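Just the one chain here, the form predicted alone, laid out as structure tokens.
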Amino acid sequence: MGRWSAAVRQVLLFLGALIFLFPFWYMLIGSLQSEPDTSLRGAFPVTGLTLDNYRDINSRVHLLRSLVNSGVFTGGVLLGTVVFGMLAGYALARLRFRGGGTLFALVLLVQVIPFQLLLIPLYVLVVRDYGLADTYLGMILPFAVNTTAVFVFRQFFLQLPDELFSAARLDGAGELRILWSVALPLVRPAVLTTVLLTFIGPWNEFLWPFLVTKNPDLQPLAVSLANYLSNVSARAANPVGAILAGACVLAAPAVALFVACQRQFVSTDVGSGVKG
């Protein structure tokens, strides 16, 4: 009976995976078709596959430049998120100061405030007061601090044994030294988790870069593709294929990152750092 239940479970998981992956497969095949075929049979073509849709969209958008812009924007956001999240998470978890609980509650409260509500004051502050329109820094600045990252790092730091920090302080290490030499090697899963949770947001972000960048040479891929879909795609030889080709280009780095890092979602035995 146990073997039958295991077999049924495996079959159900396999069918669920097929259902989940089918839209991605359909998107990829549609981007390679010379003529659109929206029927179910079009998802399994025998002939007629071509890269013309990618060539067409690249000739109008310059995919490589847009990918570089997205990489700079996303990389800057990830760097700020990890650095500030780690520092704030360590302070909230390991430093004892008056108002720490209230401050953490405010950090959690920020998560319920939609970004669109802050859009106008942020635009006035970044563009008019700081003069950062059409700059990478202007795109990155509003996303450099992520309260979710602060929460993740705080929870990981709280799981570390107190003996590690007490021993380091007895040896005369300062807080930054403890953070770098003791805590950071043990919370690498938190760094990876933060990167994976944060990556998809700035990579797909459209509204803020669209507002602060008017120079096409600085616009990330999401904005360039949106402009292409609005203004140019209807005149393409295969509009549906061109749209799907753009979607594939936008999704490919995110999919590759998650596939490459899926094995890293493992727990770390932080207790092994304590002897005795």
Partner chain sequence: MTTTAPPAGPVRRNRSETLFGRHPVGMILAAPYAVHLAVVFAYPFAFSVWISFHDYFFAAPGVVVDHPFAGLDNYRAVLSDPAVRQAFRNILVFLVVNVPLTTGLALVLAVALDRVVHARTFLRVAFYLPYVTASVAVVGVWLFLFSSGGLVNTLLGPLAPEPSWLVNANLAMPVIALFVTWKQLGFFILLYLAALQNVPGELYESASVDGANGWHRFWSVTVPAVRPATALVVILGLITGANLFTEPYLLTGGGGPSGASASPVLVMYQRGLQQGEPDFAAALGVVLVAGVLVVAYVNRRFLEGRD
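Positions refer to the first chain, counted from 1. If you superpose the two forms and keep the largest set of C-alpha atoms that fall within 1.5 Å, you have the rigid core. Not measured: the values here are computed from a predicted model.
There is another form of the same protein, the form predicted together with its partner chain; it is not shown, and what comes next is about it.
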Does its partner chain come within 4.5 Å of any heavy atom of L32 in the predicted complex? no
If you check in the predicted complex, is V46 within 4.5 Å of its partner chain, heavy atoms only? no
So in the predicted complex, does A222 come within 4.5 Å of its partner chain, heavy atom to heavy atom? yes
Going by a heavy atom distance of 4.5 Å, is Y136 a contact of its partner chain in the predicted complex? no
Looking at 152 to 160, 185 to 193, 126 to 134, 71 to 79, which stretch has residues with any non-hydrogen atom within 4.5 Å of its partner chain in the predicted complex? 126 to 134
Contact at F14, T38 and E175 by its partner chain in the predicted complex, all three, heavy atom at most 4.5 Å: yes
Using a 4.5 Å heavy atom cutoff, which residues in 73 to 103 contact its partner chain in the predicted complex? It's fine if the answer is none. F84, L87, A88, Y90, A91, R94, L95, R96, F97, R98, L103
I want to check A173: does it shift between the shown form and the other one by 2 Å or more at the Cα, with the core superposed? yes
Please determine whether the C-alpha atom of T47 is displaced by 2 Å or more between the shown form and the other one following superposition on the rigid core. no
After superposition on the rigid core, does the Cα atom of Q155 shift by at least 2 Å between the shown form and the other one? no
